[in-house]
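The chain below stands alone and is given in structure tokens; this is the form predicted alone.
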Amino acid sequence: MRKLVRKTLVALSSLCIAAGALAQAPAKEIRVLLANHPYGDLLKAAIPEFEGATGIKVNAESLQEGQLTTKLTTEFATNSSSVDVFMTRPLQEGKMFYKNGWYEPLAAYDFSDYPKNVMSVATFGARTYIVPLVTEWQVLYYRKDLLAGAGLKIPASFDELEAAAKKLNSDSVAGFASRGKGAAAVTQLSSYVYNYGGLYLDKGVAVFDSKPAVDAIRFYGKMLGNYGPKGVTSMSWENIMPLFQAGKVALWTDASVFYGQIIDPAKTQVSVDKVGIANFPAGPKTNSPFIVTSWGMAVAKQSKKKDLALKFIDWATSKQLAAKGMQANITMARSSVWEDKAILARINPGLVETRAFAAKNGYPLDRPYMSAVGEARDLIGELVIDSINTKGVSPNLEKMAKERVEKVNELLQDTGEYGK
């Protein structure tokens, strides 16, 4: 009897130990942070397919782009993060995240389907840390019916853009819109700066106090100050899009990636046949709109489930999902989807045409490419707001630009990037 009890106790003890080990075993579960972005939305909707195919539970969170960067920075800096995979902006946070060791190198990923210029902001040294997701270039969205009604052609130059905005502007319809919210405006201002012959940085030195750059800032402020929607200095794309969809904006310069959302019949009051997309207008010097890798995806260095994270990133950046993105008018980074005639036949020809133009003539940055890019954008954003508030005639703009250039150069010096 005693032997039987002893055997039973041993068996129960073994079961308890096994159960405890199972309870402590890491669950097939990952945490993924996505941006409130068309591709982020597509991924979130498709995640149940990944979960069903792999048995991996995905806890996905969606945040506005600024909130996403802040959350990631806070968690990584305090070494308290449970994030495994996240969407990331290579031009906005890439250098800082790399320097801080927050990206896991992606040695096993196949990057052969990505152009070299797309990969340039995903690679540091000899290693690649980011999978490019989306490329964007600046375009002109316009109301076909309003232009036709006013006897106007599609603006192909800044002079034509201003003339059209002036003629189409009314109490009910803003003649022109672009981002006016300080730092958020800097990316869209960039193409205006380039087309005037200016730059934000030149060989690691801030130069946006040059005459071409200041002239561009004045023109941008004049356009928004005279013909923009009320309250434009507090508006980014997510504020302007609903106005365009409600028929309250005639001309809008912004990133190509938004076309699919603009014409979404569930969200817009303007029918697709009335919405046009065209090349960004030429400036006095050139026509070189930005074309950039706006979003990518990375594995967190702090992740304790890198094997699961890599499975997710392989799926989330796959050719199949890239094809779905293209069909939703999201401008994907993979080369193969731009070479697939079946895919191209389903998307707006304007996207194909404007991409071809930007790929040939565009500039690969839409902001100062530096670690302290957030602070630099804030400083340039102050110039944008001053210019808008004064309709482009601010008497202090040159002085303000020189002061902000000095501050940006100090930031470059602090991070060891000045002159590099």
Partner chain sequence: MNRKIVSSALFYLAVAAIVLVVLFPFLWMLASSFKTQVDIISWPPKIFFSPTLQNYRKVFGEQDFLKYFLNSTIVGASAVGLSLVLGLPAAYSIARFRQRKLAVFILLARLMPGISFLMPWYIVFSRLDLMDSYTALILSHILIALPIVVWIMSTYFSTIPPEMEESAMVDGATRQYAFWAIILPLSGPGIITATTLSFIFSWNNFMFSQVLSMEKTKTLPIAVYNFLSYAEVDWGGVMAAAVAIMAPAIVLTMIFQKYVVKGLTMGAVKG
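Residue numbers count along the first chain shown, from 1. Every value quoted in this text rests on a predicted model; they were computed, and no experiment measured them.
The same protein also has a form predicted together with the partner chain, omitted here; what follows describes it.
- None of the heavy atoms of N59 is located within 4.5 Å of the partner chain in the predicted bound form.
- Using a 4.5 angstroms threshold between heavy atoms, L365 stays clear of the partner chain in the predicted bound form.
- Shown alone here, D254 lies farther than 4.5 Å from the partner chain in the predicted bound form, counting heavy atoms only.
- Under a 4.5 angstroms non-hydrogen atom cutoff, the partner chain in the predicted bound form lacks P349 among its neighbouring residues.
- Shown here without its partner, the chain carries L63, S80 and K267, all of which come within 4.5 Å of the partner chain in the predicted bound form through at least one heavy atom.
- Heavy atoms within 4.5 Å of the partner chain in the predicted bound form map, among the stretches 187-195, 232-240, 207-215, 118-126, onto 232-240 alone.
- Checking A163, A246, A150, V272 against the partner chain in the predicted bound form, a heavy atom within 4.5 Å turns up for just one residue: A246.
- Residues from 126-159 that approach the partner chain in the predicted bound form with a non-hydrogen atom within 4.5 Å are limited to E136.
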